[in-house]
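Okay, so we've got a single protein chain in two different forms coming up as structure tokens, structure 1 first and structure 2 after it.
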Structure 1
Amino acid sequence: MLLLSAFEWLVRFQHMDRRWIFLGMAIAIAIPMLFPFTSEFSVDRSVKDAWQAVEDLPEGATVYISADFDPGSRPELEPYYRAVLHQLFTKDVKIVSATLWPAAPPLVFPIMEEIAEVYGKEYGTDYCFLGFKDGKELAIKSIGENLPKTYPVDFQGTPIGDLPVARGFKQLKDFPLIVLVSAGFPGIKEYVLQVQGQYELKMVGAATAVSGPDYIPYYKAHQLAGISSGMPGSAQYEKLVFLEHPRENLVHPERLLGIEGVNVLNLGHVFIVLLIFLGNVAFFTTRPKGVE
């Protein structure tokens, strides 16, 4: 009788209302948020390479940042974005940035402004934000070919010629490094396909966990100098910038969102793996004979 009910329970478990799964997931995610803990992790080669490419920049160089993410991918990419901004500003590297995502400007520019303020950087001379450009691949092509023509003015309408930081940069090729913070399309893949090959640009990027694997071939083919993918990548980057190699002028932020997030991820993954495991156990103990 007990056996029978156990059997039945297993059968039911396989077809349980998915809201139970949602509840479980919610709990798994909430725990590390409510009771933060730290866990050890090492840094992937690809993340280290991305970090190194920034480190290798000569002082006073100017990089181009394409910040193409939206609130949805914010948890994964914002930590990287913040960390790389810290890294660049502490190195006195200047920034020209823009975005191809319509939803990005209100998100990415305030962050840049905030961190710039921390390091006392000035808009126009140390960094600038050219705003959103529609056209996706076409826009990338156009930026690659002629930056001022694509962005005659910045997001506030200031002519690009009046921004000292952007002065003299005609093409993407003129930047020693391009940093792509990319949540999907258009993003890293399009930059690689449209302009990297043609102009032999040096690029590093951060991608979401979902699209990260897509870019591995580019990294392997040296078309990307480095790549950080997903929350773990962001956390590793934070670790490099804030914990392992802090520059003396670094201003530590209050929270390291990536490192916190990776703990959430930790439990989330464990929860899913557990679910899969239990699901299979239930399936194999209850499946009728002869069914494949």
Structure 2
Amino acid sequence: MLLLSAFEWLVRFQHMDRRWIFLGMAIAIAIPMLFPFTSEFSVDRSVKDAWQAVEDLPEGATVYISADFDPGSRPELEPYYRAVLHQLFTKDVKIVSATLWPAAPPLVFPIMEEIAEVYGKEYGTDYCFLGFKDGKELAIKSIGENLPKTYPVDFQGTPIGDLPVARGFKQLKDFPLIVLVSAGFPGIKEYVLQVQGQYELKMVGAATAVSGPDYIPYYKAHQLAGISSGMPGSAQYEKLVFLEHPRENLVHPERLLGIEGVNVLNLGHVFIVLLIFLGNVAFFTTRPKGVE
């Protein structure tokens, strides 16, 4: 079989068992997972602006985070969510967080609690999680108008007035920055339509790759100060926080999930492009002469 001519190899390639393709794709995916590496890539202006909006916050400020994603969108958005939490805690910025997605609380709060513990942050003083609120656009409008009325207690049942980190924040406009981690509806679009223009809020967001392009007009219109889209955006944000501008007190995580994910995507795409190229070479090389 090794002595087959190049022509015969190309003929066989066109009739290759599809299981070899599946095996090749599995190997392309497994390599960056088993042997993590950092590839070179540029950072989009919109992602740099989102990072800069957090960097511009003064020490001791308090931000509002709406973590609106679920397990299905976790691979794309969790890396950004983790990176921005590291960035905020290293700046000693306090966090008031909530969600409009019912599946989010058991996912997002443990991540926040884990990273807060790394930096010695105390619940109620340095950060809090208000939990899930149903109502979609109406809930967003209510949060914008009166936060304590919308969330009289946190997700553990503690009155919001007993949480020092949330005292004095009656409306969303009281926060210098709103961070939106959004997998869809309700999320970034609804925040822009319901409260951004009315209260002139400064907001940054992270979205899935499929919905990210929909928010570029808001970024261009300065309704969003910055936007991260999909796994590439999360990887770029990780690059800014952990590799290009690490703070002295930054605790570097064992894995950079966004960068690992982008490497998986890149190798998988290279494998697919290679198959397309070889398939075309095989087809045009082995077809009978005179056949159009």
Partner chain sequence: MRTTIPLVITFVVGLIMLGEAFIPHWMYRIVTENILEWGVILAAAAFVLGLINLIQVNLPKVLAREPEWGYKLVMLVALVATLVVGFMGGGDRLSNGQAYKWVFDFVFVPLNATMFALLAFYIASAAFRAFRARNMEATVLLVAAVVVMIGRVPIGEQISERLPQIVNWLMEVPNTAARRAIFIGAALGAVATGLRIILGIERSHLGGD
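From a predicted model like this one, the values you see are computed outputs, not experimental measurements. Residue numbering: sequential along structure 1, first residue numbered 1. Only the largest set of C-alpha atoms that superpose within 1.5 Å between the two forms is called the rigid core.
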_Structure, 1 versus 2, that is the form predicted on its own_ = 2
*At the hinge of the rigid-body rearrangement between structure 1 and structure 2: which of L23, T38, K170, E248?*
T38
*Can you give the angle in degrees by which the smaller rigid part turns relative to the larger between structure 1 and structure 2?*
25
*What is the magnitude, in angstrom, of the C-alpha shift at V270 between structure 1 and structure 2 when the rigid core serves as the superposition reference?*
4.1
*A30: how big is its Cα shift between structure 1 and structure 2, in Å, with the core superposed?*
3.8
